[in-house]
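For reference, the chain that follows is the form predicted on its own, supplied as structure tokens.
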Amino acid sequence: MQVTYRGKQFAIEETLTVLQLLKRLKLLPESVLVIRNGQLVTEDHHLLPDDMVKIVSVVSGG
């Protein structure tokens, strides 16, 4: 899969869940949104080697 996060791209050639990917990248699940092929996915969703994945940081303000 092609993973984009903060302007950097990573290639991962295995099937992982969203949570496994975030752990591998040392990201907290509550701090990011994961978009697979244009659709928001949850932590238990399986990501396949041909997926395009974008990880977006969650920003909150007050």
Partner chain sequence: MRCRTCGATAVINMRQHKLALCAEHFVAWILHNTTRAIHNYRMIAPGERVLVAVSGGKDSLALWDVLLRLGYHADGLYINLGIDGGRAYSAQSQAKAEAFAARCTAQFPKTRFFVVDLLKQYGESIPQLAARKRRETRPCSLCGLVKRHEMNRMALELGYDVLATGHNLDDEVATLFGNVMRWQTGYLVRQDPVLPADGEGLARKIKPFCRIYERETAAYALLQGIDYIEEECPYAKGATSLQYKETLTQMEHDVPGTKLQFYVKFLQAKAEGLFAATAGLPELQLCTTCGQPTTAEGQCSFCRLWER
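This one's a predicted model, so the numbers in the text were calculated from it and none came from an experiment. Positions refer to the first chain, counted from 1.
Although not depicted, the form predicted together with its partner chain is the subject of the following passage.
Taking the partner from elsewhere, residue 37 is found to have every heavy atom lying beyond 4.5 Å of its partner chain in the predicted complex. Contact check for residue 50: every heavy atom lies farther than 4.5 Å from its partner chain in the predicted complex. Heavy atoms of residue 42 reach within 4.5 Å of its partner chain in the predicted complex, making it an interface residue. Annotation for 30 to 60: interface residues with its partner chain in the predicted complex are 30, 31, 32, 33, 35, 40, 41, 42, 43, 44, 54, 56, 58, 59, 60 [heavy atom within 4.5 Å].
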